[in-house]
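Given next, in structure tokens, is a single chain: the form predicted on its own.
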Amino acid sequence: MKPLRRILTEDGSYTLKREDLGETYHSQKGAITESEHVYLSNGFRYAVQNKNRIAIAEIGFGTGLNALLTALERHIGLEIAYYGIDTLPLDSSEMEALHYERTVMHPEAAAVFAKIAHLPWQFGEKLITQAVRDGFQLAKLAVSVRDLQLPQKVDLIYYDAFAPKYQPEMWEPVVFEHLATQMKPGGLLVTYCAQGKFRRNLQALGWTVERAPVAGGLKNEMIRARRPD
């Protein structure tokens, strides 16, 4: 049983705190604010330009907020395959307790989030995606990132593991060496973390790295990195 506590963030949306780690799933400055800035504005909207099909993997699926916002962002004619990966996944009741349908201002938010929360976690090698909204297919996979084998190369990775201070094994160079094998040439990775050591590790592996500025009161810069060809 994960020791979790629900916390109201400054933009009015909730996150969860892992009491054993002392770390929250999102910025306390705003769960939705952080997801919108890091993963939507600097990730999805950047990567999807001139595409009618995109594959996304989220490392650290957590509360499902990034998946919800991405599903609701989808525009007509775009097909999204989304793979949510987590080694200690939340169950549907833990996710639904955050009531994102009340703070994500979209008429389909409640129905889409319910489907995301109740979609079963998969443990085998053969992933089955299911539609949670027209044009948005999701598979939730409970597996270590180092063992990850996706059914297709992805265009974009949302990297949303707990911070290096709390989950250092998720930020080691070997993880990103492996993730590069799961991505298309020129694929993008976005994360809230802008730690200097992490940035230098990516650069040493041949990734092209840029830092984006903060938004909405968030304290840290974020990173967008391009996989080496």
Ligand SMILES: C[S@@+](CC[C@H](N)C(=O)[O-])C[C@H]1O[C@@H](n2cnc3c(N)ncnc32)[C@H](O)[C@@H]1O
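Small disclaimer: the values here were computed from a predicted structure and weren't measured. Start at 1 with the first residue shown and count on from there.
In what follows, reference is made to the form predicted together with the ligand, a form of this protein that is not presented.
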With the distance limit set at 4.5 angstroms and only heavy atoms considered, check whether 36, 43 and 157 all reach the ligand in the predicted complex. no
What is the one choice in 193, 48, 170, 179 with a heavy atom within 4.5 Å of the ligand in the predicted complex? 170
Quick one: of 87, 122, 103, 137, which gets a non-hydrogen atom within 4.5 angstroms of the ligand in the predicted complex? 87
Is residue 62 close to the ligand in the predicted complex, meaning a heavy atom pair under 4.5 Å apart or at it? yes
Please check if residue 161 has a heavy atom lying within 4.5 Å of any heavy atom of the ligand in the predicted complex. yes
Test of understanding: in the predicted complex, would residue 127 fall inside 4.5 Å of the ligand by heavy atoms? no
Looking at the partner-bound form in the predicted complex, is residue 144 within 4.5 Å of the ligand by any heavy atom? yes
Go through 25-33, 48-56, 179-187, 195-203 and give me the stretch that gets within 4.5 Å of the ligand in the predicted complex, heavy atoms only. 25-33
Partner contacts in the predicted complex for 7-21 (non-hydrogen atom within 4.5 angstroms of the ligand): 18
